[in-house]
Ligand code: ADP
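Listed next as structure tokens is one chain, alone, in the form predicted on its own.
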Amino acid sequence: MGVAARIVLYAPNDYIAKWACSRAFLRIAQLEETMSDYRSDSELMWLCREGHLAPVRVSNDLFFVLRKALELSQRSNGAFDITVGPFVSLWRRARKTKQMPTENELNEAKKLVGWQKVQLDDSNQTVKLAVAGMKLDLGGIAKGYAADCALKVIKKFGISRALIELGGDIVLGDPPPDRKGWRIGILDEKGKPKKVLELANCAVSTSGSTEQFIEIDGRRYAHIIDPKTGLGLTKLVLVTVIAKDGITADSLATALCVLGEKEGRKLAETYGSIAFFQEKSLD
């Protein structure tokens, strides 16, 4: 998934700790094989190749994540959209070449984008893609889900005091011994703790344009894509979301970066989540 995975836990002994961690890391690896858009042999990429021909039956994990993603797409009015893969491919190339995608390239990619083009059949657990050439990108939701799943594995070993971190996505179990919670820093745009919270049994995700971006012709474009324009965000934004689970926190953080603070706070409230915004126009 392009990030380091870290597990911190409190276990009765070293043997149980190592065994629990090994199984949790294995679960994360399985989900990467399922949902990576970097691996040509992943289940997700197989769906992208075959899904326009006929409905494709997919695994429980992939179907669950797709369902959650489309729910957020609808509730965010398209600010979160897993079909932005064609746009993402253009911007990955732009980061290497330092050249803007052409207007024609963006228009062609736009024909393949739109969350309504993903059709789910709950009764048969199948997925149908409306047009050929679509490319789904779960980069804004899969890491949070993987952290959720890793914590569930650890809890099966009788361990409740644990922290799972995948990049900017953290899922928390019970707090460390003799503590009210895990100390989690809310970072500012320079990567320094702006405030420190003690949290437990929730998830924290941070997304923004402060680290991954490119500059072309004096203008800064973030790696986060606005699905409506196909362009990387040009504002300086950093959003941290505290939610009930990782899949919610991860996807909301991405959606809120696109929506902006006013509409973003409204959406976060509908999920019972808390959002911290740092936003500044660069124009």
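Because the structure is a prediction, the values reported are computed rather than measured. Numbers for residues come from their place in the sequence shown, where the first is 1.
In what follows, reference is made to the form predicted together with the named molecule, a form of this protein that is not presented.
- Considering the named molecule in the model of the complex, the lone stretch of 104 to 112, 120 to 128, 179 to 187, 136 to 144 in range is 136 to 144 [heavy atom distance within 4.5 Å].
- The named molecule in the model of the complex comes within 4.5 Å of no heavy atom belonging to I159.
- The shortest heavy atom separation between A150 and the named molecule in the model of the complex exceeds 4.5 Å.
- When contacts are judged by a 4.5 Å heavy atom cut-off, R220 does not count as touching the named molecule in the model of the complex.
- With a 4.5 Å cutoff on heavy atoms, I82 counts as touching the named molecule in the model of the complex.
- In the model of the complex, no residue of the candidate spot (V241, G246 and S273) has a heavy atom lying within 4.5 Å of the named molecule.
- This chain lacks the partner; the member of L44, L31, V237, I224 within 4.5 angstroms of the named molecule in the model of the complex by a non-hydrogen atom is I224.
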